[in-house]
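First comes one chain, alone, set out as structure tokens in the form predicted alone.
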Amino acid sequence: MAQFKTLDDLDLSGKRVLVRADLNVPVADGRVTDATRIERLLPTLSDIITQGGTPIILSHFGRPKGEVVADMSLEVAVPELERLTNQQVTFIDTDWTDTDVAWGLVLKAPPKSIILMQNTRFHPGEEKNDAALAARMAKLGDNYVNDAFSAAHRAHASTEALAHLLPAAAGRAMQAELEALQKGLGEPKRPVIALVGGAKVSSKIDVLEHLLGRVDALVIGGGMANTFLHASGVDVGKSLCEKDLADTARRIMDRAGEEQCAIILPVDATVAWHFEANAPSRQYGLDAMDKDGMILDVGPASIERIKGALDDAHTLVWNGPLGAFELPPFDTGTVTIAQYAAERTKAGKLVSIAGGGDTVAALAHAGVKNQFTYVSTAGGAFLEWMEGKTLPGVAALSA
């Protein structure tokens, strides 16, 4: 991963600092229902203000597709911003095309105050990475700070083009994310184990291909594992399975052998006949599967096998659950392994990096979301990082 500048590399005293945040927060009845993304922005805002700068927050909210949509106004975030920062927030509800008006409002804001600009996606040039729009944004600030890793995989005007027009750096949340990812695959402590789960192989082929030459062991779980088991000649009954990807699965397993990467698949399973919570279930060895059953979780022998692999590892990268964790008792595998990884992390024996929407939800369900070394809430950006893709918003910050 290329080197990048941080807030420590910028002179912020008396400067207006354009801060690209991700305030795409969940809202119900006109109120923010989960302020996690705002909370992660607080260290950056605090540092800028402490150093004498004025943060001007830029963010998208929803998918207005270049039009002004009242229900997607970022004004909804103002109360939570004020509550969490304990200071007044100036909201500027104006079109980016009218820089003079925006500039006048920015000048009226008190020094060291917090300014929040209207939804960047209200302008069609945002998602087109329009250079002219970025130039108008740049006129409002002296420095640019990107603190939105979750939007870093998008080459938009406020995430990519703008970074080239002003002295640019990563905010504290972005910095923490990039440093954690470097520990995960960039320069990890070996052996490295990756746990990749979820429903379909088709959505994570690029992830699996990228990991093969970078990790020492690859645990495949969830519905994805069924496709690999089918490709290995196992009858998976009525389980979710992409049988048309059997050749792809075999190719991945063959390449894993060439890369000396151990593929760890389930050796037993928890099987049910209805996809619902608390459905009657049994545990089967894979050589005795009920042809009318569905694999909804790994079995106890598989759990012990994964624990053994974690005992041998110094670094874990995790994306995707091992089973249908939303439905008890089919959350057992995911919860048990999550708690075991958290224990080894707490003991200083494991660096644990996890990310992706389902993964974050699964770790929260297991009660260990805050016990991993780092948990990324950036779904798409985290997945593209696992695929080895260049993230435009990160590349633009390279020193």
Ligand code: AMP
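Note that the structure is a prediction, hence the values are computed from the model and not measured. Counting begins at 1, following the sequence as shown.
Keep in mind the form predicted in complex with ligand AMP is missing from the figure; the text below concerns it.
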Site test, Lys204, Leu240 and Phe325 vs ligand AMP in the model of the complex, non-hydrogen atom cutoff 4.5 Å: yes
In the model of the complex, segment of 142-150, 160-168, 317-325, 244-252 with a heavy atom within 4.5 Å of ligand AMP: 317-325
Contact label in the model of the complex: Asp358 to ligand AMP, heavy atom within 4.5 Å: yes
Touches ligand AMP in the model of the complex: Arg83 (any heavy atom, 4.5 Å): no
Contact of Arg282 with ligand AMP in the model of the complex (heavy atom, 4.5 Å): no
Contact of Phe275 with ligand AMP in the model of the complex (heavy atom, 4.5 Å): yes
Contact assignment for ligand AMP in the model of the complex, among Ala173, Leu296, Leu229, Met137, heavy atom within 4.5 Å: Leu296
Interface residue in the model of the complex among Ala217, Leu265, Ala199, Val106, criterion: non-hydrogen atom within 4.5 angstroms of ligand AMP: Ala199
